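Only one chain is shown below, in structure tokens, and it's the form predicted alone.
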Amino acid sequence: MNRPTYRVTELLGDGIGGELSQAIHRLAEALPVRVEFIPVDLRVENRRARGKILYDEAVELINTTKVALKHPTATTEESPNAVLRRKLDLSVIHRPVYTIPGVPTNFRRELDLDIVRIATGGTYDDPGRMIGDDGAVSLRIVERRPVREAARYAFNLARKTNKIVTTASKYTIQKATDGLFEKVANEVADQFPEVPHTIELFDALLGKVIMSPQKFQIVLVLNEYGDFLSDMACGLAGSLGIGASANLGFDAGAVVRVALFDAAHGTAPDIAGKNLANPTAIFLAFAMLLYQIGEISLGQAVKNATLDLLREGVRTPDLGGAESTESFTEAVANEVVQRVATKTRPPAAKSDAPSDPGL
């Protein structure tokens, strides 16, 4: 029986990017599907040598494969992330933030939060201008289309996962911009009557997430609010860089057109080439990619195998463990193989022992 084949654009990066690429290829080999990685070299030297042509080639390829996995890249003359978001019209960022075993944190509660952030507009699209010598102003932009796209994505996610959606803004003060955001979000919410929807003022939300994190599951926010909330949530989880995110572009029907998945951490040049890099974040990004292409059970297997091994103490040195990049990757790959085999094992005959109800 032939294995299904999926083509994935792989954006190669700097520092530990090469080791993370090797780890991803090894993990992909453990899956009962074939992942054909098509590489694009986004390392600093190649970006400087090829410039705009390189980005144009990357965008053309991503538009063909529909999904991409990006390794960390150094920000020098430009930010590759910002360039790709602009060229691909990636209007929404999905950032899951949850407690990861082995990551030290001052926060004692369990955190499990999906932040859906509109990646355009707000004040970030306008650097502002001076008014005379003593004043400055910037324009805050909120547009209906990206809000609608983000809202549909958030409510679809909630429908699939049986979660609650919370929209948060300062609609009582920013009546035009945040008021439009809430109006569009409510219009979308009306199309998902089975999904619980709550509304919070953004400043109050920050405090409530700390005091009662279990009350919040999917939070939909505007651009700068999502930036603030993501960093706060990652700080509560113990690290700004251990997680993964999805950057999403949509077609005219608000269906995901292209999706770029990446690890949130940097290039870590101090440990590059030393077999010390922690591939957890890129594994979690790969799990999200598997969800996107419809391989839900495989995405779950990769995510849960990674987190469960961390919980059992199988960790790289940055988390207090003794595993190398290669040995941690092997452990996760082997665990995924076992979990996939368990899921696909045929039912036991009646004469056999009762099956495990947890399988």
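All of these numbers come straight from a predicted model, not from anything done at the bench. Position 1 is the first residue in the sequence shown; the rest follow in order.
There is another form of this protein, the form predicted together with a small molecule, and it is not shown here; the text below is about that form.
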Proximity of E326 to the small molecule in the predicted bound form, heavy atoms at 4.5 Å: no
Non-hydrogen atom contact T75 with the small molecule in the predicted bound form at 4.5 angstroms: yes
Proximity of V83 to the small molecule in the predicted bound form, heavy atoms at 4.5 Å: no
D270 within 4.5 Å of the small molecule in the predicted bound form, heavy atoms: yes
Proximity to the small molecule in the predicted bound form (heavy atom, within 4.5 Å), stretch among 112-120, 208-216, 257-265, 169-177: 257-265
Proximity to the small molecule in the predicted bound form, single hit among E330, E295, D41, D318 (heavy atom within 4.5 Å): D318
